[in-house]
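This document opens with one chain alone, in structure tokens, the form predicted on its own.
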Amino acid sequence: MQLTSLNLNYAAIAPESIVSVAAVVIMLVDAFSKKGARKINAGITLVSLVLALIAVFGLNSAGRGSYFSGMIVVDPIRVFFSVTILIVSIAVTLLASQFLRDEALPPGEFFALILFATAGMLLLAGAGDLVTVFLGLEIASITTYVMAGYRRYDTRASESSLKYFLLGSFATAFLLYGMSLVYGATATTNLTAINQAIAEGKVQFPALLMIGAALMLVGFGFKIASAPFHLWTPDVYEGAPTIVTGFMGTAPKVAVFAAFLHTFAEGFNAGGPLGSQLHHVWVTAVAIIAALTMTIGNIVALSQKNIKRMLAYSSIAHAGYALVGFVTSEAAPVGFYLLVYSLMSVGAFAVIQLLARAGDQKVEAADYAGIGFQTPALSFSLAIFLFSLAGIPPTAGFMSKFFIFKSAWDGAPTLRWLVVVAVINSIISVYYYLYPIVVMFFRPLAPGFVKPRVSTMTAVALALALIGTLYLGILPNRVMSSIGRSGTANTALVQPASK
């Protein structure tokens, strides 16, 4: 291959490069400083994430493009999902300083892991080739495996990390084997070339393509915790440090959804007889998975008294809601939904981290009894985040569900049953989201309550999550219209592309 055909553009990988270099710098600072230089590490991390965010907005102004032989793409999906990933990483970095200080954990390694995980997720969001999808997924996954067991003295965290690693590796095997079958069927790993091969009838082994797509659906399903590939989620979320749970329950899902959209909406969304058949089969499969995911997540969450396990099953249900938008004619509602979910979920886990104390001592619903007016700022913040997760207006959770459901109802008439299932599940979820609020404000104060201390950086992160949750619920049109203008709405699964 000639060098000119590579279409080199280093600006296209600027966000990933910035955070990767910063991670290496933090490792060097941590190695050569006497006390780990906590403040320096946090500052380097924040600055690098902000610079990466600026670089992502620079990609938005540059327009669409495919670079490095199609390995990296710049399109609206990458830009918007990358912004969401970086917002989550910035929020977690702000929260991490107090967490590390309270837990007496080494800061340098943790901040380096956040940056490496962010680099992997950004690469995953901009992947235009199955090889890049795999690389980004593995970089993000390995770092989150380590972060889940970062509280090394805690057996629950070690168990969480081990389960996540073993089951994650098993799911990765499905994904990689599926990619190899797709390559065997189409003789390419480039998503655009796969689409072209399907549309032009150049697939030599259609059965291999179908099986490969099915195996990839399993791999992606595990990463977003959709049913029936969700069984790892409650144990891992409960055992991991709460701040890590908030991180790995949001940002990696956003990145995987971006890769999911690129792969299925662009690689497997083609014209021709085979393309139409593949399209119909996998849209139907995703719709069934979405219905199962919402139902299982919400029903099991009803019986949970542990707040972290309840939010774990809640995250499963929300993956189902996002999949409802995935099968519509527009990807904009999916991006908006994941942005909103990330804000309210990180905010909720941040409050729980503060109330649970070091070592997650207080994570049962009974531990929150009567604290509503003892810590009004934290309690009312948690209440707003829970209201938003339930989809109660005027919070952003209501608007995100409204856009998802309306998009599915208008854009996929044959899948309107899925919207009915989603609405019923949303009603069911109200009970377990309201239960902690009732316990906080209408039960006697639990014995042994200690008012938590909130650092300045933690307060800033909570304020940003709270403002975002309310602003996007009251004035969502500006964000939604910006996504629509950028062209994300062109990414479709409901109608196969005509060639």
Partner chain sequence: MVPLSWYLALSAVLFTIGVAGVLIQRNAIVLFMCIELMLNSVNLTLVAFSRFLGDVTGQLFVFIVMVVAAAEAAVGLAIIIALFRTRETLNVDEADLLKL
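These figures come from a predicted structure and were not determined experimentally. Numbering follows the first chain given and starts at 1.
What follows is about the form predicted together with the partner chain, which we do not show.
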Does the trio 160, 183 and 309 actually contact the partner chain in the model of the complex, every residue with a heavy atom within 4.5 Å?
yes
is_contact(residue 130, the partner chain) in the model of the complex, heavy atom dist at most 4.5 Å
yes
At 4.5 Å between heavy atoms, is residue 138 in contact with the partner chain in the model of the complex?
yes
My question is simply whether residue 238 lines the interface with the partner chain in the model of the complex - judged by any non-hydrogen atom within 4.5 Å.
yes
Is there a non-hydrogen atom of residue 295 within 4.5 angstroms of a non-hydrogen atom of the partner chain in the model of the complex?
no
Heavy atoms, 4.5 Å, the partner chain in the model of the complex: which of 424 to 432, 142 to 150, 273 to 281, 247 to 255 makes the cut? Say which one.
142 to 150
Which of these residues, 381, 395, 189, 263, gets a heavy atom within 4.5 Å of the partner chain in the model of the complex?
189
Quick one: from 207, 166, 420, 366, grab the residue that has a heavy atom within 4.5 Å of the partner chain in the model of the complex.
166
